[in-house]
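The form predicted on its own is given below as one chain in structure tokens.
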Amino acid sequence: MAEAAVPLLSIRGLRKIYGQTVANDHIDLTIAAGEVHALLGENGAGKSTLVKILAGLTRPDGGTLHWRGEPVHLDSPKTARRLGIAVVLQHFALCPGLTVQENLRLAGLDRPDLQRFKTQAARYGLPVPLDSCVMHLSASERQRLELLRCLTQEAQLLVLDEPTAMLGPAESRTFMTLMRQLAAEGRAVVLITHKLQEVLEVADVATVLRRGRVVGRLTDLDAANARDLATMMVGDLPQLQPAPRTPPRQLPALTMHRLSTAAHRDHGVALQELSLTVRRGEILGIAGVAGNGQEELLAVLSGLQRTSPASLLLEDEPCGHLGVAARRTLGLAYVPSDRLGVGTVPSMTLAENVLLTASGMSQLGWVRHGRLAVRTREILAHFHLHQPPQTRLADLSGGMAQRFLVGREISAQPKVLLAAHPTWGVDVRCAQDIIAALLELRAKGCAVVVVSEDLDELFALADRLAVLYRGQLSPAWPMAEVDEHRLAQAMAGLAPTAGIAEHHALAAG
């Protein structure tokens, strides 16, 4: 780590209050050039507010900020960018209907900047198709786009919010190497993540927030472990015991029969004759590096994209031709990866977001507000959210919004639940709550399909695991037969899928 006489950024006594909530309570923070600085804390700890202040989106109510030793007022995103501060949020600030090039121009990049963008993409090994529409990019490609935009604008302090949350093992390792490279070049990287093992591997310093305050700062991460960090974040945690894997009920809940789609002319992956049955009372995990057809598969399963009727069955009912609403009536629920763009409407209240998907909440065009309030409070209580039903969803942190979305879909008591990255961007305690809720749903006979690039998430949940690679789906192996190392290889296209399923005794040998 490069030493600097004057910190790149120094924060003293920072305060931000929303009504009765103290989001940031006299925060002191020092960021040096040439370091990777992890910022940790459970959902609602104050990280999001601090990041918005650094981005110039929110003004603090007290405290001082110094940039290279000089006092600054981050009164707008333009001021932050001019200084060299750039933020890549969990929810990307992109226009999905525009191409990559059009988004860059919208961000103020002109023709010479676009050439620098291409140069940076080649230098750091982050390819992004300039002519593709953003809505057809994978999550990792959108992340690359945002990061390259920051590097093109010569950012000196990069704030990365959950950068590896939706990346596979190989991509995550590549991204961590990139963070070290950026620090070696003299930039500072602020890493916000709930993947504590990554913090131990890549960070030089870790600052922990709890309830808006700094409760710890670690400079010797070699002497720490993931449980130490988790305990600092949320207090003592119970050990999460794996649920016993019982044989699923034999009745099929979701069946794919030679399910195929064509690739979009601009971008996308063609699904190639996918055939698989998910039975009641089982969790099927689908692994794969982003961009191998996950978004296309979820679109077809959820009803956002239609296909031939018989290629998809809910129980015995052909439904490939049906839309989202009709499939929900048949018992399908969906937790999408884009919780704010697809899963919810941020400008609406929590109760209104429940109303969007709930049945029995209206009659003859009139909303049953009492029943709606009761349902909303039940969802909030089950996932330990203490906000009233009239809270705007936009006022929740990303992790709280994820808890709400998962709770809303589970409350529908579905026959089949599709879940994309269900524990994305949530803290350790919340991840345990979500995993426990999905296991409970499985025990009640629901079939759950979890699509994720996070192997820890899949290994905690799945009864069987399949790999999606370039639009082709492997057979689904029982978890007892899955070797993690070769699974990671298959996800990266480095090994044939036929070699994934092996007994642990053979793998150890």
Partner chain sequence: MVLESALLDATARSATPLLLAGAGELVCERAGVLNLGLEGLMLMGAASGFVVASASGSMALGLATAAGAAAGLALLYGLLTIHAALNQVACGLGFVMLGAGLATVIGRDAPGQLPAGVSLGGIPWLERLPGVGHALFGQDVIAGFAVALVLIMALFWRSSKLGLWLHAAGDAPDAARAMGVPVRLVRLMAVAFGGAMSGLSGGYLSLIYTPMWQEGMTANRGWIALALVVFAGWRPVPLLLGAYLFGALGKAKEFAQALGLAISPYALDALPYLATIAVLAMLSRNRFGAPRALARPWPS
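On a predicted model such as this, the values are computed, not experimentally measured, just so you know. Numbering follows the first chain given and starts at 1. Take the two forms, superpose them, and find the largest set of C-alpha atoms that agree within 1.5 Å; that set is the rigid core.
Absent from the display: the form predicted together with the partner chain. The rest refers to it.
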property	result
Of 252, 318, 216, 77, the one that lies within 4.5 Å of the partner chain in the predicted complex (heavy atoms)	77
Contact residue in the predicted complex, chosen from 93, 232, 221, 121 - any heavy atom within 4.5 Å of the partner chain	93
Partner-proximal stretch of 252 to 260, 104 to 112, 425 to 433, 410 to 418 relative to the partner chain in the predicted complex, 4.5 angstroms, heavy atom	104 to 112
Distance check, residue 99 to the partner chain in the predicted complex, heavy atom within 4.5 Å	yes
4.5 Å heavy atom contact, residue 455 and the partner chain in the predicted complex	no
Interface membership of residue 479, the partner chain in the predicted complex, 4.5 Å heavy atom rule	no
Residue contact check: residue 437 to the partner chain in the predicted complex, 4.5 Å heavy atom	no
Every residue of 89, 135 and 392 near the partner chain in the predicted complex, heavy atom within 4.5 Å	yes
Threshold 2 Å Cα movement between the shown form and the other one for residue 280, core superposed	no
Flag for residue 387, CA shift 2 Å or larger between the shown form and the other one after aligning core	no
